[in-house]
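First, one chain by itself: the form predicted on its own, in structure tokens.
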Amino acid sequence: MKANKELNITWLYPDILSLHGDRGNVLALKRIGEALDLKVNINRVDAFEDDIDFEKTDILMINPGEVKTIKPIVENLQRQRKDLDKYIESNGIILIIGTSGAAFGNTLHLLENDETLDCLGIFDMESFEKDKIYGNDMFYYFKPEQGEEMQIVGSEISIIDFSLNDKDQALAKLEYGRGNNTKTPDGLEGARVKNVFFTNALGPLLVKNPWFALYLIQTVMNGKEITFNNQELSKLDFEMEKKALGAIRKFITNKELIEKGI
């Protein structure tokens, strides 16, 4: 198999960033990639002091962890900042889920000792640790730069509020849920700069929404000048996931009506 038919996933700190079973995101990418006859390589970066090989990375996967993991994530990525910036500028994909999004904002305001942590500043965003955990369902539409709009469902379990200074960096506008800021909701969900994606949606995201996983894979392969024909894509009808999406949307709609007292 030619090297350019490979999909290289770098999985950041899999045993540390493992709060909500989001290892399923990596497994979803692997399953869909293999269904498209790609050789899928999963490269683990297990410890904070380990280097990330950006040259052998097509998708950098960063799942959610505890708030205390944000500081070492920032420190390690700052240590490789030149390589990180080069990777982002060359349209490398980073998918960041939940709490870990704070590492990519400007600052994180911590409750303990009222400390403020300087972060990577990829997103123009301030993050605030909360004293209570918020949880709810989530639904939004994601519009790729090219292609059809896709529906995204998930769950949110958040201990951090995210406040975007640049609203144009929002990944999406919510149809249901709190999204970035549970204290003063602004209807915005996640963030995006180039191919750096951040979302609060758990589930795992790419298991519940495999069309988003396919979009990420197609983005990678388009950069390698590889496209998939209809016959290849027909292997991925996602029929079960579409039915699940319909059921979840119906549940959310009914819940919303009850919340509004209708």
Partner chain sequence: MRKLRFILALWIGKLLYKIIDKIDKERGTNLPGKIAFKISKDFIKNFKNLNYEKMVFITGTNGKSTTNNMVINGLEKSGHKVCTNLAGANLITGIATALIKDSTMGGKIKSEYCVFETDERYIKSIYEAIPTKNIAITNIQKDQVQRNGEPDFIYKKIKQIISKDVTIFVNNDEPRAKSLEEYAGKTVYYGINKNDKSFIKEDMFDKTLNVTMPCPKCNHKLLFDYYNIDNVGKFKCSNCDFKSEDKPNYLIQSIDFQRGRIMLNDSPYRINLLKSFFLYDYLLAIAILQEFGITPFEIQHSLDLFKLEGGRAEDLEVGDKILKYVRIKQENPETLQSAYNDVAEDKTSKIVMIGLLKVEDIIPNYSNTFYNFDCDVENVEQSNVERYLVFGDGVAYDTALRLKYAGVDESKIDVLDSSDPGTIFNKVTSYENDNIYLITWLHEFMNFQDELEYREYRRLLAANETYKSGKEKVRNESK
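Residue numbers count along the first chain shown, from 1. Model, not experiment: these values are computed from the prediction.
Quick note: we don't show the form predicted in complex with the partner chain, though the next part is all about it.
The stretch from 190-198, 30-38, 53-61, 221-229 that comes within 4.5 Å of the partner chain in the predicted bound form, counting heavy atoms only, is 30-38. Of the residues given (117, 150, 120, 157), 157 alone sits with a heavy atom within 4.5 Å of the partner chain in the predicted bound form. When contacts are judged by a 4.5 Å heavy atom cut-off, residue 216 does not count as touching the partner chain in the predicted bound form. The partner chain is not shown here, and in the predicted bound form it never comes within 4.5 Å of any heavy atom of residue 253. When contacts are judged by a 4.5 Å heavy atom cut-off, residue 144 does not count as touching the partner chain in the predicted bound form. The partner chain in the predicted bound form comes within 4.5 Å of a heavy atom belonging to residue 134. If you take 216-241 and check each residue for a heavy atom within 4.5 Å of the partner chain in the predicted bound form, you get 237, 240, 241, in sequence order.
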